[in-house]
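Quick setup: one chain, the form predicted on its own, written in structure tokens, and binding and motion questions come after.
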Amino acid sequence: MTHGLTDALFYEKVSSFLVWFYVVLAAMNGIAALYVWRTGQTKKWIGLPGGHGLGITNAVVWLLVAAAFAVCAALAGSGMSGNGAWMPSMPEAWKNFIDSNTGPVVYSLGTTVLLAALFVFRRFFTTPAVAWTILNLMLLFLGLSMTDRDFFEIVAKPDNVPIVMLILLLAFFTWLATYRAVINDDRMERGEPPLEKLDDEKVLVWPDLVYIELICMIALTAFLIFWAIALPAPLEEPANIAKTPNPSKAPWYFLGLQEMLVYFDPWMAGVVLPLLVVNGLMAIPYLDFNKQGNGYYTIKQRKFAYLTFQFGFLEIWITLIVLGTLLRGPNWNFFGPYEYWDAHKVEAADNINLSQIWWEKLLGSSLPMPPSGAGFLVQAGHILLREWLGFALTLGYFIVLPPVLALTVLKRYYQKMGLIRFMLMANLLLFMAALPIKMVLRWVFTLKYIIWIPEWFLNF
């Protein structure tokens, strides 16, 4: 906990990390400058025509970036004396702007718009120099933000350090796969085989593959040993029923499910949706009718599958994990990246069910509730009367909408897949889309449940 440290001790702690952080960034850009200069791959590097002379110019640019990070490392070292005045940091006005203009709505919609832009302009963003620039900006943002106590306490927490690393690794491998897919799409438009076909050499398990696996195993073991020494495991005191952590969070890989509990009932977020994800993944080989794109990276030949996966994995899963890990604080309230996690912060949650909107707000009458001790049939009758609108919308969503899709926007898929496969795929897609739809309904109309059945502890 850094809030218990004096300013001098805090700056000394942060400075010891930032010095090496900026040194690594300087070395990284220095190697990039050397690579550009020695290879002369200017056109491939920046996406512009030019020869070796322009390649030297690009090398100078990255060399200047390396020098700038070296200067940042020297300035960050000034914090060793306990004075952070010279340490590079995010301006207070920027931090206040980010905190005051972020929330679950901005975060979710912003990430959706960002992913859409990355897809539409993928040819530009996958250019190595553009991707390298974005990586430098991401790391610079991280370094400048680490001098903020609240940001540092969240990101540098031993539980969250692997999450930050996983985010960077995920961004890198997503870029790499998309980069190769763009190249393959261009090659196949010219009538050339994909890149994977060029590397068609037979590789033996012994000794080639076994040697590679052995080297990777040794390297990973050494890395984990050094990591365990540098960053001790975040062991806490034994569990105590009289002292519950606030916030009480699941392991990082379940935080997406925990975030879903904000919008769905526990049976839906914790049982139904995970089961549908697992069964949907198992059903993919039986639903897929497109024989193209097997064994090589491509987007144009499998655009529908690519968009479905990227939206389902990155937007509906990864962004929820990041949200739950870094931005959900005490009482599961949303906190800005630089906002103090105040346990006394209270946010009004004036949510309302669809049946309440219909009966109380539109009709001005009370909800039809079954009398106490009523039998099953009486309860069922009152529930059907009270929740008829929710049942109608839900059944229309899952039963009426798939045939409409089959006759309109997804007509080509219906003709190739047939009735059973198409209906299964359509319902899996509709269940996946239910999460962002429910999130929007909560934000716009403060809608809690579409179907509210407290008598049977069943809500949707």
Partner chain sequence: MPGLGETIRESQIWKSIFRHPMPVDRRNRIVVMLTNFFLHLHPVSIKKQGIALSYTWCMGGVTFFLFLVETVTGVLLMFYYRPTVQWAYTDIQMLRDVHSLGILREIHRWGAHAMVITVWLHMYRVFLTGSYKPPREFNWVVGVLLLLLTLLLSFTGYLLPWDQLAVWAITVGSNMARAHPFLGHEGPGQQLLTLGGVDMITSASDARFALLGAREVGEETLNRFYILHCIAIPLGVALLLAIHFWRVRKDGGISGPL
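Heads up, when I say rigid core I mean the largest set of C-alphas that superpose within 1.5 Å between the two forms. Positions refer to the first chain, counted from 1. Nothing here was measured: the structure is a model prediction, and the numbers come from that model.
Omitted from view is the form predicted together with the partner chain, to which the following refers.
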{"item": "All of E92, D99 and G110 with a heavy atom within 4.5 Å of the partner chain in the model of the complex", "value": "no"}
{"item": "In the model of the complex, H344 touching the partner chain (heavy atom, 4.5 Å)", "value": "no"}
{"item": "The partner chain contact at E237 in the model of the complex, heavy atom, 4.5 Å", "value": "yes"}
{"item": "Non-hydrogen atom contact G373 with the partner chain in the model of the complex at 4.5 angstroms", "value": "no"}
{"item": "Distance check, Y306 to the partner chain in the model of the complex, heavy atom within 4.5 Å", "value": "yes"}
{"item": "Listed range touching the partner chain, judged in the model of the complex by heavy atoms within 4.5 Å, from 333-341, 285-293, 139-147, 385-393", "value": "285-293"}
{"item": "In the model of the complex, the residue from F311, F151, Y297, Y263 that sits within 4.5 Å of the partner chain by heavy atoms", "value": "Y297"}
{"item": "Among the candidates A117, V378, V205, V106, the residue which, in the model of the complex, approaches the partner chain to within 4.5 Å (heavy atoms)", "value": "V205"}
{"item": "Residues in 248-285 with any heavy atom within 4.5 Å of the partner chain in the model of the complex", "value": "S248, K249, A250, P251, W252, Y253, F254, Q258, L261, P266, W267, G270, V271, V272, V278, L281, M282, I284, P285"}
{"item": "Rigid core fit then W206 CA moved by 2 Å or more between this form and the one not shown", "value": "yes"}
